Every structure is written in C-alpha cells, then in structure tokens.
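The data below hold one chain only, encoded as structure tokens and taken in the form predicted on its own.
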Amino acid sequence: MRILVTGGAGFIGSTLLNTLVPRHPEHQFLNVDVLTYAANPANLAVIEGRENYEFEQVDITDEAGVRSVFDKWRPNCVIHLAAESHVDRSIHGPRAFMLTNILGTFNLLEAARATWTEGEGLFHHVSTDEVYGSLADGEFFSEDSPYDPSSPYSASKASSDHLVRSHGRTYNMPIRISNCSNNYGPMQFPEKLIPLMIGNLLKRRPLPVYGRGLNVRDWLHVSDHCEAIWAIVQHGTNGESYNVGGNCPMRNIDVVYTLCALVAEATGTDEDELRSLVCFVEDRPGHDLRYAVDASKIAQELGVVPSRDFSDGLRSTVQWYLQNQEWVQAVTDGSYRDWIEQNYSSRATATISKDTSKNGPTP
C-alpha cells in the first residue's frame, strides 16, 4: 500500500509511524503535517532516511496543497489523524478547530474522491469518544450511541465524522472510523493532563485540577491505540465505526494522585509533599462528567484488546519523561520550534505557549 498519514509528527501519528515504518517495509508511508505547535519532527528521528518513509509539509486546510500531494503521491490508503485536539484551546479559539477538523477533513475526502475510482482506496478517519457527550455512572458509549458534543473541539470532530460517513454513503468511498478514549504515553505534548502533571511535579509547581477532579476518563496507551488503528486498516469492514478504549475509566483526581505516588517513588520524594501541590480550579464550561467506551465490537470482530495495564503503562510513561528531560525542556521552553524553523519552511510558524505548565488541566 501507499499510505498517507496526516498529522504524523504529532503524538499519536509519530507513534504510529515509528511502529509501522520499520515493521512494514513492503508499504510506503507518506507523513503529511503542517507542523503546528504540537508537532515535533524530532519524534520521528528513528525512521528518517528509511526508504519507505517520506514527509511533506502541507496544511490540510489548503485545498490546492492537499490535491497536489494526492496527484504526486497517489496514495491508496489514508489514515487521517491530523486535528486540533485541545479542548481548552477550542473554548478560547474555536476557529482553528473548525478549519482543521472540518475543512481539512473535507479537503482530504475530496482529494481522495478525485484520485480513486468508485470503490477504490481506503479512508480511515481517527476520531474521539468525546463526540458522544457525557455519560451517567455505569453507562458506556457504543458505536450506536447518539452524538451529543459539548465543546467546539468535540463538535468539530463530530462534524468530521459525519463528513466521512457521508462520503462513504454518497460516493461509495471505502471509509472506516474509529473513536478512541484518552491517549497517554511517551512524547505527548505537555498541555495534556498526564505530561502536564508530571512536569509540574518535577518542578514542584501547583497541580491544577478542574472542579473537584471527579470527571472520569477511560485511559488508552498510545501504543495500544496504534495497534488498533492498524488492525482496522487491515481487517476492518468498510462503512463501520469502531470504539477503541483502554478498559480503564478513572477519575482525574485519582490519576493525579497516582502520578504523585509514581513520581515520589521514582525521585525519592515524600508523596504527601507532592500531593499537597494539588489545587482545585474553576471548572471549564461544558465539561463532560464521564467518558467510557464499550470496546467489545473491535475485540470480537478484530481481536483487538489493550495490552497495557494502566498502572504499568503510567509507570513506564513517568519513567520516559524522567529519562528524556532534554526533550521535555525543548518542548516546554519552545526551543524545538527554532529547530523546526531552521530545518523546514516558513509555514512552521504557529503561535505556541512558551510555558505549557500554565495551561489548564486536560481533560
């Protein structure tokens, strides 16, 4: 296959490419990424130079740029990961989410439709469980759950899901959709809850938690998510959607206290001292109380089940951040952007927060 991966310099995309490119030399992989603030080509150093990997710096909101990539590269499979995904940012600046997540997806679909004859190719769209809204205790999202997005981010992802599904039905395009729960693991940009808290713990900074920390999220290790994506690409059914979860719903406050214990253990610090850094802050608007996915469909049909226990996965994630402080420093102080601008075109000029520890907690 000639596989086009959008957003391949981001957290999930780079993990996917680092996994698949060495494993599958029989396939060609093209990484299309505009290199916004959360993208880091340094995450892909292990596959740079491989014969079956290429990179194109293209903004998916640029219709002509997207069409040019398809004309030049003629992919027969698209794994669409590129998205604006930080809920807090969507509340304060929703326009970028509408452009990237809706218009960008539309541009990719139209370029694929112009490139493939009817029934050819595969367009796999990676989405989120947030499109379903919020759950009561004991409930789980299924693939048939109604969409009820609460934030500009989740509304934009719900819109992109509908676009993908409509192209499948109207134009007979082979499409598949996956809706995943919260990802965690190495190389995640430190505006997200787990790397943000690890960084603040190491610097003895406050640990801001929304409300009383009672919001529940299902945690999925990024490596398990990538294996699920590949299983869907290889063996999924066209027109179907698949929920991908970690089978580990936890309250945010419990995740934070677990991180306190793990960092205390790893650094020889008093756990109570670290727990005292927790501070509860005003809840964000439209904050969904609980997410949890029923991932039985993908388990039964494709044999996909999480391989990483959350306690072990979280411990290894803490160890990765402790052992890669140079990477963390470059990302948090913004110096990684200087390297990108020296090595890539002037399109890599997105505004970033120089101190991500000041961002609000997510999710």
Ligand code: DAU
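Model, not experiment: these values are computed from the prediction. Counting begins at 1, following the sequence as shown.
Keep in mind that the form predicted together with this ligand is missing from the display, and what follows is about it.
S.K.: Can you work out which of Pro152, Gly133, Pro208, Pro186 has a heavy atom no more than 4.5 Å from this ligand in the model of the complex?
M.R.: Of the listed residues, the single hit is Pro208.
S.K.: Just to confirm, with a 4.5 Å cut-off on non-hydrogen atoms, which of Ser145, Thr115, Ser241, Asn252 contacts this ligand in the model of the complex?
M.R.: The residue from Ser145, Thr115, Ser241, Asn252 that makes the contact is Asn252.
S.K.: Name the stretch: of 231-239, 263-271, 280-288, 71-79, exactly one has residues whose heavy atoms fall within 4.5 Å of this ligand in the model of the complex.
M.R.: Result of the contact check: 280-288.
S.K.: Decide whether His124 counts as a contact residue for this ligand in the model of the complex under a heavy atom distance cut-off of 4.5 Å.
M.R.: It does not: once this ligand is placed as it appears in the model of the complex, His124 has no heavy atom within 4.5 Å of it.
S.K.: Quick one: does His221 come within 4.5 Å of this ligand in the model of the complex, counting heavy atoms only?
M.R.: Judged by the heavy-atom cut-off of 4.5 Å, His221 is well away from this ligand in the model of the complex.
S.K.: Can you tell me if Asn247 lies within 4.5 angstroms of this ligand in the model of the complex, counting non-hydrogen atoms only?
M.R.: Output for Asn247 is no: heavy atoms all beyond 4.5 Å of this ligand.
S.K.: Counting only non-hydrogen atoms and a 4.5 angstroms cut-off, does Met98 reach this ligand in the model of the complex?
M.R.: Although this ligand is absent here, Met98 would stay clear of it in the model of the complex, with no heavy atoms inside 4.5 Å.
S.K.: Between 176-191 and this ligand in the model of the complex, list the residues on our side with a heavy atom within 4.5 Å.
M.R.: Stretch hits, in order: Cys180, Ser181, Asn182, Glu191.
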